[in-house]
Every structure is written in structure tokens, then in C-alpha cells.
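One chain is shown next in C-alpha cells, namely the form predicted on its own.
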Amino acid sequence: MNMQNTPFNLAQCIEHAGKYFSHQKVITRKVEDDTLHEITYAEVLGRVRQLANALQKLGVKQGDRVGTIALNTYRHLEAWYAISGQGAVCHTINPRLSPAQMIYIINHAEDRFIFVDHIFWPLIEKLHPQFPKVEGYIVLTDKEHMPTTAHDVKLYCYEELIKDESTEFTWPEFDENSGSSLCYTSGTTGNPKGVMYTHKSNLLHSYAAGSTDGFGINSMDTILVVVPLFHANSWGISYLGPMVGANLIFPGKRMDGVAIFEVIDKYKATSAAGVPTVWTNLLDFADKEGRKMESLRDVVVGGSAAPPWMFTAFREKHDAELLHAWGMTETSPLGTMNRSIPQLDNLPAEEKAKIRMKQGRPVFGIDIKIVDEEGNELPRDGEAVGHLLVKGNWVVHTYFGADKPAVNADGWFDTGDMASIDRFGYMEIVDRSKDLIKSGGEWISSVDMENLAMGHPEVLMAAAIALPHKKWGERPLLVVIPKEGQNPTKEGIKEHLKSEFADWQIPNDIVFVKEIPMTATGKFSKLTLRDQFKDFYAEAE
């Protein structure tokens, strides 16, 4: 052997941060009272070790699944490292899931213990009788805010559990291909599926995410982590941040524009990551108050496509770049990031702008291609549209507990997205295959329609769905939330859409609503919308 070979353990990230970036901070808006709490990486490391000792005393062993039902806070981060670092599996559970989905995934994962924010305890208490494998709950709070329970169940206070434990802990050595964390898909088509990440896959993912073609952050940065820790490992940022010594800001339960602007301004955030709906509210607040986010350099957006106006707003009003990224639970999740390359410099401004709104190019370690219905690879010309396939070192091979691989015979995973790839390697999601609208045998992209509609000056949000139609098979319906104080008309929005859509593609109707249902991961719930409006065109010819 010519080189040392220390197996990857995710605890190495927080150990590195605690030792070499000891004064850098994790900032949290506390769930208990909305106050802002600061803690150094050195302090976080000590508390992670204390929790690791406490978990061992509770009998947690390597391979055990330990759930978390919590928001973005320093305590949740500590739980991540203490669980995975000792060889157990950190199973992050989305608190926005339906009770039925939550029951399914907790039982499917066979969680032994669950960490839970106190605000979610009333929900979990009701469901507890349906969790036969769960031995106890660790409430992520202090003694003052501990809930009570009528059940015969072990309820531990997080701060009381760790306070007398040693701040020394020796992390065990184990196979780096062991499971480290478990995340389930949103289950929009059947039961959620579990993706078991490994220490190796997560660390390789973090190395790639930290490259200049990825998030490109270092110890000079302060990153606002709006993307939830329960959403595909917070896009890897909660590993990457400590790896490079960046300050982290966790917003807790406050996702409104006022609160997000406050932490950006107070802590001089240089980077941020989250879904488009959060940035819509933030920009709306900044516009109303006439304020600028002076420190912000770039904002990574994923989960769904950001509308064109959002790119312009960040660039022209806040001197910040909005960067599209693409990925999914099955890809850990980073697959592509839209960073510029030299070949774009001499392109006409309009073409360059269109490319910058695509989902981006693969980071090193990921490969992508598009194929037709027969599996034949399609050209990378920016015109051909096909099924997007992906492979790489942090892409799922087999779902947790499944009896057959999720990949094809050549190792490619079908994402369920329809996409194009241009000559520079930039990929653009045209739509989810199940969300494309097929009218009279021709395809209409719901994503393109939504993006253009949200460019209308009086529209805040818009969702396009396919509805059954007697004559055309399917027709689009556009569901719109107007901006506050605005009264857009159906005719005005249709005229706006005609700038890019043919007459036959224009929705038959537009419905104005106060809110659009969202999925557990912050996307438009088109399943709910289609059910809500399923008979809308029933009499149409």
C-alpha cells in the first residue's frame, strides 16, 4: 500500500470544523421563541460528542435507524453528526408529510428512536401508537419547553440528555459504504421510496458540491440554509459548510420575507439556497420596503424552475446571481449547477440569458444523457427532448428495502424528467413526464407556461395543469395567485402568454386563487390541483 486509507466517516466534517474553524458560527432562529442563537463550530463539536455518548447509553448501535422530525436548527445539525458518526443511520423525516406517509416511512425504516422538535410533538403523539418499533423520542429543546404526554412512552429532553456527558468521543471505524443517512421521496405516485446514502457517497457529493462549479463556498462565506435538512440532506450543505468552515444560518420555522431578509442583512450572508417560493416572498418584501441585500453574492435555486423575472430581480436590484441547480432525492441531490463557461462570453446577450436559466451542467462525478422511448440517445443540440437519465457515485442504485435495482442494465437511473441538452452541456428540464400537457397529440410544457405567466407584472405565482378534455384529450388550466393589491385579468394574462405560445397552446381558462397547494418539498402539488379541478372542462367541446 502506497497511500494511507482512512475510511470516510461524516463525523470527520464536524471534527475538522471544530478544530480548524473553531470560531466560525452556526446561527439559528430558535424554534421556541424566534430569537437568534449563535454557537461556534468548536461548541457544536463538543455537543455532538456529548450526544454521541448519550446515544450509546440509550443502546443505539451501528446500522440502527434513528429518525429526525425537525426544522433547520443547530440541535438538528448536532443530531445528524452524532447519529451517523457512530455508524447509525440518520433518517430525516419531512414534517409536512401526510400522517399516512409518515406512518409508512417510519415503520418501513424501522426507526428505533426519533428526534423531534417540540412544535411537532402534538402530531407525533397522536401517531405514536402506530409506530411499534419506536422506543423513545428525544425532544430537541430545553427543560423549560418540554412537552408532556399521556402515553406510556419514553420522552427525553435533548439538553438534559447531553448536559452531563463527556465532550470526548472516539468515532468508530467502519466500512465507508455503510449507510449514513436515509431520505424518502415525496411519494407522489405511490408509497415514498427510501434512498440510503453512504458515508462515501455523501462525502464525495460534498467535495463536488464545494467545487467552484458547484456551490463554490469557503470559510469567507456565510450561507443561508433555507433548503430543509430533511430535504435530500439539505442539498449537502450541512456537510459542506463545516468541511470548508463557512458560517451557517438556519432560519428555523420563519420562512417569511421579513425574517429571511433580517438574517441576510444582520449576518451579511453571501450565499443562500432554497426553493423558488421562498425567494418570491423575499423579493416581494425587499421591493415593498425598497431595501437591497448588500452582502448577497449568489442564490442557488432548486426543487422547481425559477421564473425569468427572478433572475433579473436578483441581478438588477441586489447585484446577486441566481443559479439554477438540479437534482433529486435519488441524486443526493446535486446533479447539475448553472455556472458560466468561457464559450458563453461571445454569445448574443439574449442567447446567453436563455442558457443561464437552464438547470446547468453536471458537476464532476455525474453523467447525464437524454433518450427516446426506445432508449436511443438523442443529440445534444438544445432542440431534442427526451427522458433524462443520470449515473454517478452518489446516484441511487437500489431503493432501501427493494428487491430489484432502480437502474437499467447499463447503470443509468431514469429521473422521470423530460429534458434537452445543448452543445455546451447545459441541461434544461422541459417538464416532469407526468406533468406534460398533451393536447390534440401535441405537447405543451407546464414549466414554460408557469415561468412566462409569473413574468406578468401582476402575477405572484402560477401553476399550469393538464385536465381531461372531450375533444382534445387534455387542455391546460392556469391557476394564478395575483400579487397583493393587483387585479390581473384573464385576457391580459392570455395576451402575455401569446408572446411565446401559439394560440392552440393558450389555456382555455385561468382561475384566480388565494393560495396554491404545495407538496411536502415546497413544489406545486399538481396532483392536488388536478383532483381539485378534475371536472372543470367536463362539458367543454
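Being a predicted model, the structure only gives us computed values, none of them experimental. So that there is no doubt, residue numbering starts at 1 and follows the sequence shown.
Keep in mind the form predicted in complex with adenosine monophosphate (AMP) is missing from the figure; the text below concerns it.
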* Would you say all of N53, G85 and H145 touch adenosine monophosphate (AMP) in the predicted complex, counting a heavy atom within 4.5 Å as a touch? -> no
The one option of T73, N202, T329, T92 with any heavy atom within 4.5 Å of adenosine monophosphate (AMP) in the predicted complex is T329
Checking Y207, W171, F261, W443 against adenosine monophosphate (AMP) in the predicted complex, the residue with a non-hydrogen atom inside 4.5 angstroms turns out to be W443
Partner contact check in the predicted complex: of 279 to 287, 208 to 216, 250 to 258, 302 to 310, the stretch with a heavy atom within 4.5 Å of adenosine monophosphate (AMP) is 302 to 310
- Classify H231 as contacting or not contacting adenosine monophosphate (AMP) in the predicted complex by the rule of any non-hydrogen atom within 4.5 angstroms, answering yes or no. yes
*Wondering, does Q359 line up within 4.5 Å of adenosine monophosphate (AMP) in the predicted complex on heavy atoms?*
yes
- Message: Test of understanding: in the predicted complex, would I114 fall inside 4.5 Å of adenosine monophosphate (AMP) by heavy atoms?
- Response: no
* To do: Using the partner position in the predicted complex, report whether V447 sits within 4.5 Å of adenosine monophosphate (AMP), counting heavy atoms only.
  => no
